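Consider the single chain below, provided in structure tokens and representing the form predicted alone.
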């Protein structure tokens, strides 16, 4: 562990965190309604109200819509929208804005009708670069676009579907401990179950793919001095990083690694003065089973090409139950809420990874709580490994 380089370390804290009352299929709630419910609950969690908010950070719904819907006039807005990691990047921007005095209470909010598609814009502009140069060749949906780096990794390093199938199996074990997870009551799955589920787009079977759901979440951030007066135990921001490398998946410099993730992670570790060995709780965006595997390599938790054997490492406990390396009882707890694969995925999952890190650091994760946890890392991509955001949080 080394001294952090960031002057903003521990200057800002998350004091409110909440998701919507329900997650899953919610056709009675619009995109804006999901945002509003999540925002209200997070503010109540912090002991604040909409009247206190003077900074709005959002994606899917832009700050103009939300200020109108919430009935407030914020003096700072940020609509950064680079995909699912936007909310991780919003935390970084909120820290800077609060430290600069541009706002004092930052509300980061997400709501998305990803399943019911109520009040949502239709994607897929045929005049866009993707519409012109990728979609005509069959690369138009998330499973087809995310599969390209996976196949290169298989080819270059010998990574296998059987190894990859351990990720959803381990993640489901966490969902079984989380009453909020959509797949909480669905029962455990094995790597063999993953490989036997129907094919979606090679190499992804159905259980390799994230859920498609409606839902939302929100965070409230204030300066460290003010945090002591809020209702909940503060969770401090230690290190942050962000980067953007390309727009289309076909433009990746190297299909086996994400340049944006590598840079974003390096920035966050340097700012926090920590390294991979110092952080034993990971919230890695898992749009598909391979996604967190790439991040394990990009952020230094294993070597290049080694994520397959890394995630496939298991042992048996005294009762004969399989313990996955990243699952409950494993050496490196990852995606402890059940992840996008078994907890919830609305289309932009980054907010939910943030929420779980906060719950864990506040000691509010129930049966899935990691004992003695004091530091957590959240990382995710924007679009198809194009952008990235990294956040290191601590509870002291």
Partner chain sequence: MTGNPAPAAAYKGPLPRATPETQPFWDGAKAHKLMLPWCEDCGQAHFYPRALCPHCHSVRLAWRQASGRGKVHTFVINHKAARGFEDKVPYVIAVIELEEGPRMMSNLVMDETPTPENVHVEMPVAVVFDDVTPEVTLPKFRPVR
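Positions refer to the first chain, counted from 1. These figures come from a predicted structure and were not determined experimentally.
Only in words, not in the display: the form predicted in complex with the partner chain, which the text now covers.
Residue-level contacts in the predicted complex: of 267, 207, 139, 296, one residue has a heavy atom within 4.5 Å of the partner chain, and it is 139. Of the candidates 228, 75, 253, 321, 253 is the one whose heavy atoms come within 4.5 Å of the partner chain in the predicted complex; the others do not. Residues with any non-hydrogen atom within 4.5 angstroms of the partner chain in the predicted complex fall in just one of 100-108, 75-83, 309-317, 242-250: 242-250.
The three marked residues, 16, 49 and 52, fail to reach the partner chain in the predicted complex, with no heavy atom of any inside 4.5 Å. Remark: residue 155 counts among the residues lining the partner chain in the predicted complex, judged by a heavy atom distance of 4.5 Å or less. Although the partner is absent here, residue 162 is not a contact residue: none of its heavy atoms lies within 4.5 angstroms of the partner chain in the predicted complex. Shown alone here, residue 144 lies within 4.5 Å of the partner chain in the predicted complex, counting heavy atoms only. Residue contact with the partner chain in the predicted complex: residue 149 places a heavy atom within 4.5 Å of it.
Shown without its partner, the chain has 199, 200, 201 in segment 176-201 as residues with a non-hydrogen atom within 4.5 angstroms of the partner chain in the predicted complex.
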